[in-house]
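Just one chain follows, in the form predicted alone, and it is written as structure tokens.
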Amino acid sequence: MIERQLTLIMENKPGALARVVGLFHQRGYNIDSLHVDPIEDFSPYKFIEDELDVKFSIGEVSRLVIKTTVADSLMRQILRQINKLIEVIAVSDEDSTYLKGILRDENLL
């Protein structure tokens, strides 16, 4: 088991955080730490706007950082499951990034 950090870019909507935490709970994954901040400067994530052809407003999206301890074999499964949540725009770990269902090489960390 290895400690991992996941970074999620997600829409700022009621219940979005509860759905992410619920996904971990339902599958028996533990969350070691959790930190959420609204994104005020979207410039580091400009590639997301360009790829999805959207423009996000201040406070419309948040960055969620989750630290968890999981085996390597479960990490990819967790990323795919989180990526299926409708409010999630992008999810990344140290190795890969999923952007609305598309596996990318860019890292959000």
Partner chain sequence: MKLAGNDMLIQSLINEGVEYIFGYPGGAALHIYDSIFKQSEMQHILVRHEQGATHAADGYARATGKPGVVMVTSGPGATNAITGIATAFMDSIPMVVISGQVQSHLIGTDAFQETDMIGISRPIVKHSFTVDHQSNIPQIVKEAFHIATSGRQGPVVIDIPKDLTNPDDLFDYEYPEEVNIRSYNPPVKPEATQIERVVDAIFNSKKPVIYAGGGTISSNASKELIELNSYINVPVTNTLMGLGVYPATDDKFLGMLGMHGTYQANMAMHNADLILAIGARFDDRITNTPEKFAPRAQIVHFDVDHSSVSKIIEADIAVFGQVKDSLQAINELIKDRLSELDTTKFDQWHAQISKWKSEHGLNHNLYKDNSDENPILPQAAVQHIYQESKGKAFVTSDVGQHQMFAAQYYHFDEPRKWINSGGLGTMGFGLPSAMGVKLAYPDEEVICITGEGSIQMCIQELSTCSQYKLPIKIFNINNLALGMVKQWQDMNYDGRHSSISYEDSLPDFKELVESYGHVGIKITKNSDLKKGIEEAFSIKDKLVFVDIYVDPNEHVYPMLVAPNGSLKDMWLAKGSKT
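Being a predicted model, the structure only gives us computed values, none of them experimental. Numbering follows the first chain given and starts at 1.
There is another form of this protein, the form predicted together with the partner chain, and it is not shown here; the text below is about that form.
Novice: Heavy atom to heavy atom, is residue 69 within 4.5 Å of the partner chain in the predicted complex?
Specialist: Close contact is absent here: in the predicted complex, residue 69 is far from the partner chain, nothing within 4.5 Å, heavy atoms only.
Novice: Is residue 64 near the partner chain? Define near as a heavy atom within 4.5 Å, in the predicted complex.
Specialist: Looking in the predicted complex, residue contacts with the partner chain do not include residue 64, since no heavy atom lies within 4.5 Å.
Novice: Taking 4.5 angstroms as the cut-off for heavy atoms, does residue 45 touch the partner chain in the predicted complex?
Specialist: Although the partner chain is absent here, residue 45 would stay clear of it in the predicted complex, with no heavy atoms inside 4.5 Å.
Novice: Might residue 11 be said to contact the partner chain in the predicted complex, defining contact as any heavy atom within 4.5 Å?
Specialist: Because a heavy atom of residue 11 falls inside 4.5 Å of the partner chain in the predicted complex, the answer is yes.
Novice: Please identify the residue among 60, 32, 50, 37 with any heavy atom within 4.5 Å of the partner chain in the predicted complex.
Specialist: Residue within 4.5 Å of the partner: 60.
Novice: Does every residue of 18, 26 and 77 put a non-hydrogen atom within 4.5 angstroms of the partner chain in the predicted complex?
Specialist: Checked in the predicted complex: all three residues contact the partner chain.
Novice: Taking only heavy atoms into account, state which residues of 22 to 59 are within 4.5 Å of the partner chain in the predicted complex, ordered by sequence.
Specialist: Result: 26, 52, 54, 55, 56.
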